[in-house]
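Okay, so we've got a single protein chain in two different forms coming up as structure tokens, structure 1 first and structure 2 after it.
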Structure 1
Amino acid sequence: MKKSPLLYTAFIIVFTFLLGPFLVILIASFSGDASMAFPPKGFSVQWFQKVLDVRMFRDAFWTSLQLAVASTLTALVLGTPVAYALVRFKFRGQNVVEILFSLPAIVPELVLGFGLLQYFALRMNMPIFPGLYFGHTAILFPYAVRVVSTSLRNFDPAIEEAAISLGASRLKSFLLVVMPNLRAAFLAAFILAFITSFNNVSVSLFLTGPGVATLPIQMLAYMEMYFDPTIAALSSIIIVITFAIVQTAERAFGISQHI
């Protein structure tokens, strides 16, 4: 089939529009100038070294990593039985329950972050890291439910029923029959939720405080004081690592089928 020049041009425009900012960041991170500029003046990798030398970035990275892992695992542990109940059972008000569980992904994150600030910080006087943990778990919960439930709908329930008919309890059949067949779905949900938590700004902006800050919030704070290519270099590292993780998981498990 002959390619349409108009369609090809539209594809190039959309592709450039979507990936253009990432290319600008990648190129600017190798600038030899002391201030961020595009196109860069000269070539240097000093800003990547500076990323490793700045202690606030190292501390914020470990905070974001611990927070993302903890909140993602919690969202999966809580979201899996909810997804199973929504798919395998029919009950009155099921549609309402699904909407309620989806609210953290539907409500604007600025509104959600402000609400969590009022509840966790002002009303409960909760420490900063637990507040971040519960806040991130709340925003990741809908992703876990949606991904796992989608995979469950594609899983033949007759296989599970066969295990139950042979004497296994529903819990045992779920653990030994259903879960092994949902490995790719769990991995897809974990990666999606982890990246969402690690890169979150809106909710983290309300819940961070003195001594505890996630990496995106620390990057914003750095940009308020400095305007050198260090942030571009750090952003490039995050982009490359994220791309590598997603591509590796896609090639190994085909996670796009479950999202």
Structure 2
Amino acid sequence: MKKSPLLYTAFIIVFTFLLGPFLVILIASFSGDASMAFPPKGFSVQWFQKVLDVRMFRDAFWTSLQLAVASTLTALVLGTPVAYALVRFKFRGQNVVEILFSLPAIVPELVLGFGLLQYFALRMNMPIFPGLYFGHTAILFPYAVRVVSTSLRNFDPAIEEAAISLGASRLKSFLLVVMPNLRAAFLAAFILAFITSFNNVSVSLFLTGPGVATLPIQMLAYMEMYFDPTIAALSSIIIVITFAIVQTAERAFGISQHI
């Protein structure tokens, strides 16, 4: 069917609006001086150099990386059995369990961070990293459960039963037969959860403290103190890496279907 030029115009506006800012910041980060003008005055890579030199970014990067890996793995390891139970069994309270594990995606993350701060960090003196880890893991459950259960639903249960009838226990059949065939889904869930944790501000905001901050929180803090293209350079690096990951993941297993 013929599509009107109006439609295409709207389409281009949407894409410019969504992606244009990324282009702007990429260009601005090569600024020659300390002003944040666009188009930039002059050209240099000094701000990229500075990003690598700033100690607090390096530390925050490692904190974020460890946090994201730990909470993603925990959410997947604990969430996969839940997805399995929801898809392969019918039981009383199934609805409740399903809603419960989608709740962290609905409840405002800021509120969760606030709650964890008040009752664990302040009253029980929980150290900073565990607090972040618990909060991040909680908000990643919905991703793990949803992505894994969707692909499990599309996996013929007879294949599993075949393995069981041939002598494999349920666990063995899951590990030997289901897991290898759901690799793509696990990878998609891992990437989505990892990115979600790595980018998270709302949960971390209340839970970071002296000495331990995640990268986005550190970026916010830096912005309050300085207004130079360092953040632009750091943002550019992050944007390019994210872009590469998303492109690869979309090509490999259509990550956009899992969001």
Partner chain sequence: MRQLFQTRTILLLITPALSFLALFFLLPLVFVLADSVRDPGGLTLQRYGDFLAQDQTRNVYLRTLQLGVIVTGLAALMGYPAAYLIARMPANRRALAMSLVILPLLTNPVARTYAWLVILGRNGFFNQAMVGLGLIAEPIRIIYTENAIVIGLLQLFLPLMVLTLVSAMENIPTDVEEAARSLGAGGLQTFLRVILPLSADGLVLGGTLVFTGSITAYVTPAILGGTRVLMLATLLQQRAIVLLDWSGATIIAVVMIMTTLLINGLLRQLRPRSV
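Structure 1's sequence is the ruler for residue numbers, which start at 1. What we label the rigid core is the largest C-alpha set whose atoms superpose within 1.5 Å from one form to the other. It should be emphasised that the depicted structure is a prediction, and the values quoted were computed from it without experimental measurement.
As summarised for this chain, the first structure is the form predicted on its own, and the second is not. In a rigid-core overlay of the protein, residue 238 has its C-alpha displaced by under 2 Å between structure 1 and structure 2.
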